[in-house]
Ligand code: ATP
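Quick heads-up: it's one chain on its own, the form predicted on its own, in structure tokens.
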């Protein structure tokens, strides 16, 4: 049996710059990973089957789950006759804008690459990942990166400086599809300063990174879910700066450079939000070399 860690991501920037012929939006977004993670185990079985089990009563255990899709894709593409039992220990909130499902799929690609000794490179795994989800290629590589296209084209960036993230998720789910369908991208007047954020990462300027956080989906999510807008407002009261909604929401986070500030933000939010997490930033790419 082997284990893989599936870390969540947050967006530092999220911009929509056009609409593609395939119906997807053309995005430019800078993402980085955080130390809030699911754990996934992989064990060979005699039956030629994929068995997915979980400690979560929310996520499906069949082909609707991206873990199952990733395992099925590898199995069919490389004509694997070996069965596999996969167990998901779910810690990342579901439908939260943190790419939990995509990261699970990425961990499945990495894990089964080892179990089935496929010797696939990161680039090959990322190509396969793009077939089942836009965020999967980034989650395979990890670190800090600029994602383009529909999110599947990845350019690695300088790692984000060490720091903390305080995340708060309300007990609601937000459909990414609904948010994008309600986005009037041609009417966006204030776009994230993506190039400046890349430069801030290069110069290790944590304060500038905080000030450049931006997400064009906030306005849409806030209008459809006023409670997310309220959460964002309250977090800004405690954190003062460095606050952003991740992805399409509903998770809102504060980027914090000093540990002394973390407890104040955490305690302030716990008064009205049950799901609050304090985690570290993971700025560097994963080592996916097969031992």
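Numbering follows the first chain given and starts at 1. Bear in mind the structure is a predicted one, so any value in this text is a computation, not a measurement.
Just so you know, the form predicted in complex with this ligand exists too; it's not on screen, but the next bit is about it.
Asker: Determine which one of 158-166, 102-110, 76-84, 193-201 lies within 4.5 Å of this ligand in the model of the complex, judging by heavy atom distances; exactly one does.
Answerer: Within 4.5 Å of the partner lies stretch 102-110.
Asker: Only one of 142, 129, 151, 97 gets a heavy atom within 4.5 Å of this ligand in the model of the complex. Which one?
Answerer: If I apply the 4.5 Å criterion carefully, the residue I get is 97.
Asker: Hey, in the model of the complex, is residue 220 touching this ligand, heavy atoms inside 4.5 Å?
Answerer: Contact with this ligand, no.
Asker: Considering only heavy atoms, tell me if residue 65 and this ligand come within 4.5 Å of each other in the model of the complex.
Answerer: So residue 65 counts as contacting this ligand.
Asker: Report yes if any heavy atom of residue 176 sits within 4.5 Å of a heavy atom of this ligand in the model of the complex; otherwise report no.
Answerer: Residue 176 belongs to the contact set for this ligand.
Asker: Any of the heavy atoms of residue 239 lying within 4.5 Å of this ligand in the model of the complex?
Answerer: Close contact is absent here: in the model of the complex, residue 239 is far from this ligand, nothing within 4.5 Å, heavy atoms only.
Asker: Residue by residue through 36-64, which ones have a non-hydrogen atom no more than 4.5 angstroms from this ligand in the model of the complex?
Answerer: Stretch hits, in order: 59, 60, 64.
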